[in-house]
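Only one chain is included here, represented as structure tokens and corresponding to the form predicted alone.
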């Protein structure tokens, strides 16, 4: 069973940090006092996490990661959608993130566009009014029963 759980500021972040440490090799930092974290569980075990915070007029996403043994199950996509849903529910004007260049395609599938590129990271943004969480609208599967043909 797959479940998601939110951890607001001031919560015990040990489960979110277990994923972050395994994926990124980092633990608690100064952003955690400002961020809301989400953890996705696979069979009641923390398998993926990410965080959302407000800074300089935008919502920011960060540390979206999935344990290596749990990859390929769309858990990273679920974390991203949960973070975007939370931003959207707070009437986000814009959502931003910095990520390694090789992950740009993962974020662009949901509408993120490049703002700035650097050697180590790409900064991307998504206007709040363009957040689209309905995956069926972009589904390309022929004959999918959930897809409404125009």
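Numbering follows the first chain given and starts at 1. In this text, all values refer to a predicted model and were calculated from it rather than measured experimentally.
Beyond the structure shown, there is the form predicted together with a small molecule, which is absent from this document and is the topic of what follows.
Scanning 102, 30, 119, 44 against the small molecule in the model of the complex with a 4.5 Å heavy atom cut-off leaves one residue, 102.
Proximity to the small molecule in the model of the complex, defined as a heavy atom within 4.5 Å, holds among 90, 113, 109, 93 only for 109. Remark: of stretches 65 to 73, 82 to 90, 30 to 38, 51 to 59, the one touching the small molecule in the model of the complex is 65 to 73 (heavy atom within 4.5 Å). Mapping the unseen interface onto this chain, residue 23 counts among the residues with a heavy atom inside 4.5 Å of the small molecule in the model of the complex.
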